[in-house]
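Take a look at this single chain, the form predicted on its own, given in structure tokens.
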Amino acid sequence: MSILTDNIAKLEGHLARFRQTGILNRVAGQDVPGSAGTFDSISPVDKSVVCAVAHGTAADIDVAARAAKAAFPAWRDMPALERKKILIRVAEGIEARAEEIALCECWDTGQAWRFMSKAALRGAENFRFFADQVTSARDGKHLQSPTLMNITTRSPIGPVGVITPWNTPFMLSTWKIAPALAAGCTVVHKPAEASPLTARLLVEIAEEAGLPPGVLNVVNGFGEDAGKALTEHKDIKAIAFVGESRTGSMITKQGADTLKRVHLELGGKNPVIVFDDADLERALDAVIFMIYSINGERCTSSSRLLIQDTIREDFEARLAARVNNIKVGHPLDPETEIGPLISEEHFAKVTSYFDIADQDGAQTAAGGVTLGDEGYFVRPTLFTGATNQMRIAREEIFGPVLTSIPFTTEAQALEIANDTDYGLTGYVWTNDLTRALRFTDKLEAGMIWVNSENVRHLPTPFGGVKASGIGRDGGDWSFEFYMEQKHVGFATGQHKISRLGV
């Protein structure tokens, strides 16, 4: 039996219960049907129905928000070591079911097994990391002044809403939910409607680990109804969102009336700048990995290649040869490097840029075609001969599509790199240290890697500038979002107090 056949058989075993009962909402430790009935989750692999999913609306969000509010005082006041033990058990539960999570995620999203098999373990790592921070999450500072002993401390903000995307849903859900729980917040989670399976697995694992009912609630539904209700609900004190910049703007507006705190991790049109003094072999590997892995459906993908004209012709030729050799196929096949795109709607969006590139005058050096009609498959694509004013260089395609743009000087490269509405990541390849220091200082991005692909280190801040977002994830930055600062001043003597009306 091949690994692909074995994986498919295992997947069918895991999906059997969902096909029988559907995916229900989970509120206050109870399974709850959606008030608007159900909708179908469709696999992008073969366009088949995975299962029925509870269709939650504003009414379901209201019940979940009230449950989170009711559960908040006890979770907030639980001793830190007790919360830590629960979160560690969640991590252990994720590790025990990592294969199930990965198989379901592959089928739900079209992501390749070679990447999703590790995503669940990254989710466990997120829980372990923030579990270790629980005992110090509320620590503050001692700030002495001439008349006062000033103490700061932090306290959890309250019930929060988490809205997650469809590209790597399990890992990104844990990225938001783990620090929220560690801080002492309760959560209402609205997963992306296109990839609901692993959100259900996470809440099951969390409750089996001892998470009290109501601390983590999951309501499935659509952004225009359930999502909007979550961002507007008065009992929800903050919204953590990952997704499109346009949706992030809408969430900010929707939360304004309740003065909602928002953390937005949004889109990107990230540049990878390759100078002619770089280690070109490693640069080539990194350029390919950061746009074509995860089906190109990642906010940190390096979708604009800025290549110095002295090496452009040779580098693009080698790049095209490699891109044409990338294996597109069934996501559960361990040999597959790119699977199908998430949905019919997204497939139509990505493939529309094949004609747009041609109309704008770019050349298609690789790909630019669809594959078969069973699922939403495209060939990884490389556009050359592009300028930074073309739509393929300005708009977030969010697929396995790379646009190559030549430059001559360092100043020109910087101008092109910064000429975008976005500012999430940047990647710089050069062996000139002083150039790297100059360039990264002026590059408008929240995260920059020099001579490296994106290597995530959990204690470091993750987030972007401009239209790429507001706020940072990771380390203590996550707690800054999920917690309120409190200052208490203790008089150390009898300092002079102004007397009025004497």
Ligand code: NAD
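Numbering starts at 1 and follows the sequence shown. Note that the structure is predicted; figures quoted are calculated from it, not measured.
This next part talks about the form predicted together with nicotinamide-adenine-dinucleotide (NAD), which is not shown.
Participant: Within 4.5 Å of nicotinamide-adenine-dinucleotide (NAD) in the predicted complex, heavy atoms considered, which of T430, T384, N167, Q308?
Facilitator: Spelling it out, the residue with a heavy atom inside the cut-off is N167.
Participant: Which one, N150, S117, T370, T247, lies within 4.5 Å of nicotinamide-adenine-dinucleotide (NAD) in the predicted complex by heavy atoms?
Facilitator: Residue within 4.5 Å of the partner: T247.
Participant: If you check in the predicted complex, do P191, F222 and K228 all have a non-hydrogen atom within 4.5 Å of nicotinamide-adenine-dinucleotide (NAD)?
Facilitator: The answer is yes: all three residues contact the partner (heavy atom, 4.5 Å cut-off).
Participant: Determine whether any heavy atom of T364 comes within 4.5 Å of a heavy atom of nicotinamide-adenine-dinucleotide (NAD) in the predicted complex, and answer yes or no.
Facilitator: Although nicotinamide-adenine-dinucleotide (NAD) is absent here, T364 would stay clear of it in the predicted complex, with no heavy atoms inside 4.5 Å.
Participant: Check N418 for me: does it contact nicotinamide-adenine-dinucleotide (NAD) in the predicted complex (non-hydrogen atoms, 4.5 angstroms)?
Facilitator: No - in the predicted complex, heavy atoms of N418 and nicotinamide-adenine-dinucleotide (NAD) never come within 4.5 Å of each other.
Participant: Within 4.5 Å, heavy atoms only: does F462 come near nicotinamide-adenine-dinucleotide (NAD) in the predicted complex?
Facilitator: F462: yes, in contact with nicotinamide-adenine-dinucleotide (NAD) in the predicted complex.
Participant: Look up in the predicted complex whether Q254 has a non-hydrogen atom within 4.5 angstroms of nicotinamide-adenine-dinucleotide (NAD), and give yes or no.
Facilitator: Looking in the predicted complex, residue contacts with nicotinamide-adenine-dinucleotide (NAD) include Q254, since a heavy atom lies within 4.5 Å.
Participant: Only one of these stretches, 228-236, 286-294, 354-362, 401-409, has heavy atoms within 4.5 Å of nicotinamide-adenine-dinucleotide (NAD) in the predicted complex; which one is it?
Facilitator: Stretch 228-236 is the one.
Participant: Which residues in 234-271 have a heavy atom within 4.5 Å of nicotinamide-adenine-dinucleotide (NAD) in the predicted complex?
Facilitator: Sequence-ordered list: F241, V242, G243, E244, T247, M250, I251, Q254, E265, L266, G267, G268.
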